[in-house]
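Taking the form predicted on its own, here's one chain by itself in structure tokens.
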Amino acid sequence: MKRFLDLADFSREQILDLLALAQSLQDHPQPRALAGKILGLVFLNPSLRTLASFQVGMSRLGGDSFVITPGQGTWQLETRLNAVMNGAAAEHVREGIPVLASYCDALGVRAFADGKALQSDLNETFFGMIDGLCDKPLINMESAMNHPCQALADWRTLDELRIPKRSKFVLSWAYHPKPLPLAVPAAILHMAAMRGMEVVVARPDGFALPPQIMAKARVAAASAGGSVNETSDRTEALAGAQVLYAKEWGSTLHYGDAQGDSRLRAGLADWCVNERWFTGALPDAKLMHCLPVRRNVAVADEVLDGPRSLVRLEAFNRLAVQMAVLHRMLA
């Protein structure tokens, strides 16, 4: 494996093989598997679970890692093509990424969406440039429109709890005071579709996921025997649901327009997940969220601290599946 950029790059069988490897490494640790190997981690955006889990995973496999956070102890990196570099950035990624790749055996990069031009972000313009600059195995630690590490961890979480493939999986928009990227909802939608679930995207008007993302997921669902639909009716969406995956994201109707987005979400504070949301769901329905989560803004305490919540298990599974990715890349 030379690239881990998108679950869609792999067959369902390859994903299941990675999940089986994650379980094997948990049951039978290999503390010397990556002895002498170095993982470079470049964070152009903040992180908690991704940063910690990749460092711990590499260490548990016997390897080492270094972390670069541009502008914090290193030069600020310029990311724009054809930029006139007369500002704060002293170095361009076109030099920085190849140099860092030369120091390690694999490179992980986190680079959120620019959030200004929807088509550019959908095309993964920036991460595509990173891909072209890196001659070592490359891991997407979250890009403009994807977060395959989170998606793989969530697939493992569903499998661990033996949640049936054909059960109803609701990906619901949740309230946040400002627009957030589409990477996680896009990745989770595709994961659930690829797993073969009955997927419903619940979102207010103006927050529909881009047609390209929905179409891609529908192709995956058709191949796996599942389905993908969407609605603005929460009650309809949650009827008979086994899983509610809450996630915040920005308005696609006002992409790059902070004021337009703010006006649209102004009256949507009731899209905070609380126990009443589960009235029509299955009695043992579960709550998932990738974290970080704003308590009592996106999800209420009563749900996060109750028996429905899987957020801690999801976070642990980031470590498990990323160890499998590293092992497959470097062992």
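Quick caveat: nothing in here was measured; it's all calculated off a predicted structure. Each residue number is its position in the shown sequence, starting from 1.
The same protein also exists as the form predicted in complex with a small molecule; that form is not shown, yet it is the one meant from here on.
- Only one of 58-66, 276-284, 289-297, 24-32 places residue heavy atoms within 4.5 angstroms of the small molecule in the predicted bound form, namely 289-297.
- Arg110 is the sole member of His190, Arg110, Lys168, Arg203 with a non-hydrogen atom within 4.5 Å of the small molecule in the predicted bound form.
- Taking Ser172, Gln150, Thr157, Asn140 one by one, only a single residue has any non-hydrogen atom within 4.5 Å of the small molecule in the predicted bound form, and it is Gln150.
- The shortest heavy atom separation between Leu48 and the small molecule in the predicted bound form is within 4.5 Å.
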